[in-house]
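Take a look at this single chain in structure tokens; it is the form predicted on its own.
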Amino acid sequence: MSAPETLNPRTMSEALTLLAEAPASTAILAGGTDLLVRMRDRRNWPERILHLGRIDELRGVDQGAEEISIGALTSHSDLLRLQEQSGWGALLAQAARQIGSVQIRNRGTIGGNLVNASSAGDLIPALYVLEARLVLCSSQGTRELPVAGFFTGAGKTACRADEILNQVVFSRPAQHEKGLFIKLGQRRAQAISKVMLALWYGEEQGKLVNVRIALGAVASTVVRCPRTEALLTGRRLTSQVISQASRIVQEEVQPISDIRSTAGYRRQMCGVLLVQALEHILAAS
């Protein structure tokens, strides 16, 4: 088995031109925390590797007045530096902190986490509740997809073979809005998730507004919980409301069973994680 040809473009324009030459036989390398493992195990052995690591325009967080833009090569460690900010920055930092080891966080990227398309990808539920959009580029042009429309199944996305994920963008949330991320794994460190919950909310006159809930590692893709969101929106949190929300979220989800957990356990834990998040909000109010 011969070594793949490695291509090292320095600009997106150059990368897209190289990819267009042979998209079907080219693997895209960002941080390499997934691709290199698959190559080591002989689960993926491409003819060509397009290494994006030298393309500086794919890195960094641009905080505009109306929109936040995150380059696809922004590392998980870079996202951790947002933890001092309230709202969206703190939420992404909470999720990034749960990813692997320090070495993996230094190498792994937000783009790789998305394109890998694991329902257990830690950043994905957070991006769901932020209602992020993904900017995909090819030599033919650029298009945007909502994050919920990007994933088509376990390990599958709507990204074409000739496209590169360029940016993750979302509208700048209101200053009074916040997010929480909670992960349940086999152990506290370097564990693949059994269940993840991301919760986004605001508070006005003691009532929750703009509630969004996303659950990861419970189905083939991350899922939103519209019935539970509707129940909580416009309500004051009480023990009765929290108990009702826990019951409804368990009715909404259709978990899977796999080697990490059973469907029944995952359903129960969806309710438990939501209770934890809502009790945290209640205690802080």
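Please read all numbers here as calculations on a predicted model, not as lab measurements. Heads up: residue numbers just count along the shown sequence, starting at 1.
What follows is about the form predicted in complex with a small molecule, which we do not show.
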| property | result |
| --- | --- |
| In the model of the complex, segment of 138 to 146, 69 to 77, 200 to 208, 171 to 179 with a heavy atom within 4.5 Å of the small molecule | 69 to 77 |
| Heavy atom of residue 250 within 4.5 Å of the small molecule in the model of the complex | no |
| Contact of residue 94 with the small molecule in the model of the complex (heavy atom, 4.5 Å) | no |
| 4.5 angstroms heavy atom contact with the small molecule in the model of the complex for residue 227 | no |
| Exercise: residue 31 in contact with the small molecule in the model of the complex, heavy atom 4.5 Å | yes |
| Position in contact with the small molecule when the complex is considered in the model of the complex, options 134, 164, 214, 130, heavy atoms within 4.5 Å | 164 |
| Full three-residue contact with the small molecule in the model of the complex, heavy atom 4.5 Å, for 221, 267 and 272 | no |
